[in-house]
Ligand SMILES: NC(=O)c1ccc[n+]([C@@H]2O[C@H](COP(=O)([O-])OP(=O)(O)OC[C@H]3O[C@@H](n4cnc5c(N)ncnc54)[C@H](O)[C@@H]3O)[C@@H](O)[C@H]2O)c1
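Single chain ahead, by itself, as structure tokens, in the form predicted alone.
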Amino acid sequence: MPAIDDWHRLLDGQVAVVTGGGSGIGGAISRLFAEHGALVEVVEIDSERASLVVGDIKANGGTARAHLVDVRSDAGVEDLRSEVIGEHGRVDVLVNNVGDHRPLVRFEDSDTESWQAMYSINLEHLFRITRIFLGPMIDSGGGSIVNVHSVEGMRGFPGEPVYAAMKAAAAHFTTSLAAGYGRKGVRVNGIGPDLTQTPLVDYLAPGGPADAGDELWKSWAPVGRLGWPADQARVALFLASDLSSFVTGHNVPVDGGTLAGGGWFFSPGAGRFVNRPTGL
């Protein structure tokens, strides 16, 4: 474990792979890891997002490379492994950040196609990426895996039970993997975000929740404010670094307190489940 004086660069010289690392939560993680000395391998399906984050990191004196990969593809992930291990010979940190609530199909209207799409983007790639880098991580003496899923995998989510089931599976995969590989030097933890402003979930859009002013957030989130990608990134940094060297198998809700403070409830006025006062 580094001395306290060294904690300003918590990942100095470590190789960190961040999937979906070009924007939103993944982009914030990529940037913060680079600030702390990591050699960041940004995995993205969008070349613009990848170029932007890598450019930002380099402009600020950090080190990063972009890899255009669809994490749902076996061939793409195999190539990614070859590029990362070929360059560094190891991987120290893996952040599985890719996920999407789309296609948003109500369960009564869903079918095998929408289930498979949910599985591919929220769970299957987690198995694929983790398996491909787990061996090299063990061979190099261990490391840390951080899985970004959702608070909806940690509570009942009436809006999309299939999505919630995939996120719950990701959380339990995290716990089970940690139990199995801790003695081989690999720590595994998860993050369950909620109420966080990203391009995928735009709370700041005109007419959106944040548009109603700060008073709404005081009643919606126990901490009284909107969350930002940096809030998630700081927890990812803690879990990736030696600050959490005795922490494994846990799923941390990074949600402003929504899991602790309640969750979804049915509004007769709105005729649907809501989790914010505007839905009453």
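The first residue of the sequence shown is number 1, and the count goes up from there. Everything numeric in this text was worked out from a predicted model, so none of it was measured.
As for the form predicted together with the named molecule, it is not shown, yet the points below apply to it.
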The stretch from 132 to 140, 109 to 117, 170 to 178, 96 to 104 that lies within 4.5 Å of the named molecule in the model of the complex, judged by heavy atoms, is 96 to 104
Might A236 be said to contact the named molecule in the model of the complex, defining contact as any heavy atom within 4.5 Å? no
Contact with the named molecule in the model of the complex for D242, defined as at least one heavy atom pair within 4.5 Å: yes or no? no
Can any non-hydrogen atom of I25 be found within 4.5 angstroms of the named molecule in the model of the complex? yes
Taking the named molecule as it sits in the model of the complex, is L204 near enough to touch it, meaning that at least one heavy atom pair lies within 4.5 angstroms? no
Looking at L32, L52, A221, I45, which is the one with a non-hydrogen atom within 4.5 Å of the named molecule in the model of the complex? I45
So which of I57, A66, L39, V69 gets a non-hydrogen atom within 4.5 Å of the named molecule in the model of the complex? V69
